[in-house]
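As structure tokens, one chain now follows by itself in the form predicted on its own.
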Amino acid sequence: MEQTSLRQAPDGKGKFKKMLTTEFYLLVFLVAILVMMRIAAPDFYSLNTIMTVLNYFSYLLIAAIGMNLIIITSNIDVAAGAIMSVVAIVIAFVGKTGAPLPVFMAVGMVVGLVLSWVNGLFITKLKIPAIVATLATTQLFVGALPLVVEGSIYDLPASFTWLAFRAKLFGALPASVVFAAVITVGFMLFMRYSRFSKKLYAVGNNKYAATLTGINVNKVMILAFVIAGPLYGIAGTIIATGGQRVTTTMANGFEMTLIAAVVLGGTSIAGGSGKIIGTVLGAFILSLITPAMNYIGMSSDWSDAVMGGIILLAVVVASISTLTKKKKTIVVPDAVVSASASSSGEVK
């Protein structure tokens, strides 16, 4: 029996409710944090602090965009941090030769692509659950790096740290922020207008239904990991070039912050929904937490707990919102609709 979904026509109140999106609430929360910091710790708005926050925000956002694509397909990548650590070590070897930024950043992007592609193959070809496959490769990368490098690579040349210390727009704004802005705008357009983005959402919503419509589900999932890989490479490069010493554990555990930024931004951990703008806001909020806590005198040890609480609240709010939408959708058989129309003398 066919069914018809009946919804009330949107009125002024309904249009207002449509504005109350996850992104709207995140923006309000972000403004509240900024106002609070202005009142509680005016020194927080020093140029040095702002630039430090923006630099951290830039590589967090770049990598989180890649994670967002993967989570939209109903997968997850807990190897992202380990991949960025591998990237950092590899480009340090290249940077040691005096190679310029474009060379070792390209190398980092290729390394990120290859390692992320391998994860995609494990998940699609070997049918290993994403959490298991990426956890296994995390352990592999983390265990292998100390065998290649004893502790760290140090005394790197000035050409290696040029991005962090000399590449400034208007003499102050880190170039990494410009990279993040360009990448973000590019992916916002990509997710809005490309056919492939529609396939990402379709796969995340229902893999079986996506297959029936002719979508190659495995190909879409592999490409999500392949696209995320170079973004990890860029983020890993920004992290590594922040000093003249690169360690084997430079980005270990960073994947949790990436997942947090994506989930906080409104992307469903079950896949099928999520926007880049939400990830932008989520990443910016998380970038503020630790420095804000330091400025108001709280121990940085509380930052993870506060971050976890914020994410849990975001997930609960998203779940309540989803349940509310389902309750507002009244589903009745077509026969009932026809009978109702006939009794009122209407012809549909």
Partner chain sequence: MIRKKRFTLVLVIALAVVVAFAFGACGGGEQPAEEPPADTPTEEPPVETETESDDVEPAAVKVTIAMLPKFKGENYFDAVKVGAEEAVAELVGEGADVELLYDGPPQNDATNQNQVNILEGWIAQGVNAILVSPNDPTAIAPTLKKAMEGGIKVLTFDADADPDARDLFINQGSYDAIGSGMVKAVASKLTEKGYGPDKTANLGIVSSAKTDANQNAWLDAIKALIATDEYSWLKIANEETDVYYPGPDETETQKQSGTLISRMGDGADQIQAAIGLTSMATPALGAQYESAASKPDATKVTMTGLATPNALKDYIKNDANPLDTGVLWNCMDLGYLSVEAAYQYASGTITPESTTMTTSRLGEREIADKVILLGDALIFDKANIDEFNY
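For clarity, every value in this text was computed on a predicted model and none was experimentally measured. Positions refer to the first chain, counted from 1.
A second form of this protein, the form predicted together with the partner chain, is not displayed here; the remarks below concern that form.
- Just one listed stretch, out of 22-30, 275-283, 38-46, 61-69, contacts the partner chain in the predicted bound form at the 4.5 Å heavy atom level, and that stretch is 38-46.
- A residue is said to contact a partner when one of its heavy atoms sits within 4.5 Å of a partner heavy atom; residue 216 fails this definition for the partner chain in the predicted bound form, lying far away.
- The shortest heavy atom separation between residue 298 and the partner chain in the predicted bound form is within 4.5 Å.
- Taking the partner from elsewhere, residue 154 is found to have a heavy atom lying within 4.5 Å of the partner chain in the predicted bound form.
- The closest non-hydrogen atom of residue 51 lies within 4.5 Å of the partner chain in the predicted bound form.
- Annotation for 162-187: interface residues with the partner chain in the predicted bound form are 164, 165, 166, 168, 171, 172 [heavy atom within 4.5 Å].
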